[in-house]
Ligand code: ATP
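One chain comes next, on its own, written as structure tokens: the form predicted on its own.
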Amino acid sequence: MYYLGNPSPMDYSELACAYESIGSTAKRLEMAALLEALFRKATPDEARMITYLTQGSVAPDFKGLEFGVAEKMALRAIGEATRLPEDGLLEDYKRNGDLGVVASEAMSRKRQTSLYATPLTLARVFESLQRLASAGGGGSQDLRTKLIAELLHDSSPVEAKYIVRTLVGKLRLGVAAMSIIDALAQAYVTKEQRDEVEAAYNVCSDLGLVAFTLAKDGISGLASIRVSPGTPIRVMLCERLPGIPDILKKLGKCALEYKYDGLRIQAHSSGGKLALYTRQMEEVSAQFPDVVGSLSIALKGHDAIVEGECVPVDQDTGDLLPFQTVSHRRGRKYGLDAAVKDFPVHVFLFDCLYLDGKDFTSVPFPERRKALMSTVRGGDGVAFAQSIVTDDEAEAERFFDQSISSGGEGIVAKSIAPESVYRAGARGWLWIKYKRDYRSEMIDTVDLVVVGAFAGRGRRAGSYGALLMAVRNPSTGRYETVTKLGSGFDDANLAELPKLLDGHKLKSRDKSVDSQMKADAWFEPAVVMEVVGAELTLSPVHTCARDRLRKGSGLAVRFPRFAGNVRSDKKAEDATTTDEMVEMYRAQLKKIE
């Protein structure tokens, strides 16, 4: 055993108190140290529970388990547990905007305290939340309310606060997966072995499994975590450069592929069954039955993991359509047959990560491409990404132009060197993307996070006039402001903004947001939008890359415009990074020179 604590069950109060301390700091190292202390006392199974709960769940994302607890259910459960009237609890919620605080305050003043309250162990809370997330069918709402009320009945105020926050999806800790990995490495292995912990997470997308394995067997146990169909792999990401000469100088002779404007998917075929996962580990098989059917035929007889892009296609002309057309297919529970007919998609495959018992992530890209093309049977709805291998600048430029004229966004250049392995979950110079410039000085569009808003005037009075947008700094875990966005929205977009944003509204600025501006409304970092601008400039107001390029200045997008795409396929932590903005700015300077 590698856990360092005693075998007595851990109380949930230890986790809740740790959350209270974590919530009071924005420093990643302090967060990791607080989690490390918990892991050192935990059994392997408790380490797994701590990990999942700190991620706001009871299972990895690809399992699709959600609590689905709305405000009304939470208030009803708090009322049942405390015997306090729901209308008064509702007023408390309107006053402070935090159901966790409502639960905590209610437990502090509840009218009747049972003499038979059972102490809450970590295991009891976790198992109850598992039952709640799995409950469905007739009577499930009553059962779910009862499960919450039973936990709250036996909880202390601080325990109630984090039970409710977990259930409504607003834990408000600012702890990203990388901070948990830091804590696991500090608790169970050496600092030098931290990358091995992250690598295990990247191939299984299950941080709870990684925590359990480390606590039970130490670093040697991670060898048991392998690429396997049915378990999505965290996707490999691209760097970017401003032009084809820069790309060829960096990579030399390389493979160039069309960069399609669609939904990146990972298809897992095993035992005659096929599942589709997005880059966010969400299973979307039910939303794309046509793609499942086509790929089932294309991969028949093989256990495989392949990657591709789901791209909407004009059924009349065969032309590729913009990404937002795919969004009509996302999250549908009703009218799916009509959506499949109205918004058909094709899948363009570009990589093979696993095939019939062999892990292909550790082999060079040319071998992966060869395995893909020799195994998959192209056909109705399934094709391979257009690709060439070249080191000729003129040929590369022509290929880029072909991609744009075909409806693509640009190209992705991929190394064909012996070291061109698939680096799961990593961004590096083995893959480089180059997109069209959208008739502006900015090299690329950027994916920015909404963190605040400003009240509208004139025609927008009573709504949001502009949004405060930010990029993510992975080294600090904070979101740094980069622009105010008010252009590019049509009337339909503006009407949808409150519906899109108000579920993430906060009473005050989120502690992970670094802003010198004072917004009229603040939001937790959650909604990602695609933005284009005229250029990047130095700004004394915005905090993106502050002091890195000039003392007292950050970077800002000048004349930003909403590009028409809410990136529902991306979480806030997948937004454009500070480092990417710095590189775009430097590339822009070269372009001007």
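Numbers for residues come from their place in the sequence shown, where the first is 1. Keep in mind the model is a prediction, meaning the values are calculated, not measured.
Below: the form predicted in complex with ligand ATP, not depicted.
- Taken together, E309, E409 and R427 are fully in contact with ligand ATP in the predicted complex: each brings a heavy atom within 4.5 Å.
- Interface residue among V284, I244, V227, C238, judged by heavy atoms within 4.5 Å of ligand ATP in the predicted complex: C238.
- Of the residues given (R460, K507, K72, R264), R264 alone sits with a heavy atom within 4.5 Å of ligand ATP in the predicted complex.
- Contact check for E480: every heavy atom lies farther than 4.5 Å from ligand ATP in the predicted complex.
- Contact between Y260 and ligand ATP in the predicted complex is found at the 4.5 Å heavy atom cutoff.
- In the predicted complex, none of the heavy atoms of Y162 sits within 4.5 Å of a heavy atom of ligand ATP.
- Residue contact with ligand ATP in the predicted complex: F523 places no heavy atom within 4.5 Å of it.
- Of the candidate stretches 185-193, 411-419, 118-126, 470-478, only 411-419 has residues whose heavy atoms lie within 4.5 Å of ligand ATP in the predicted complex.
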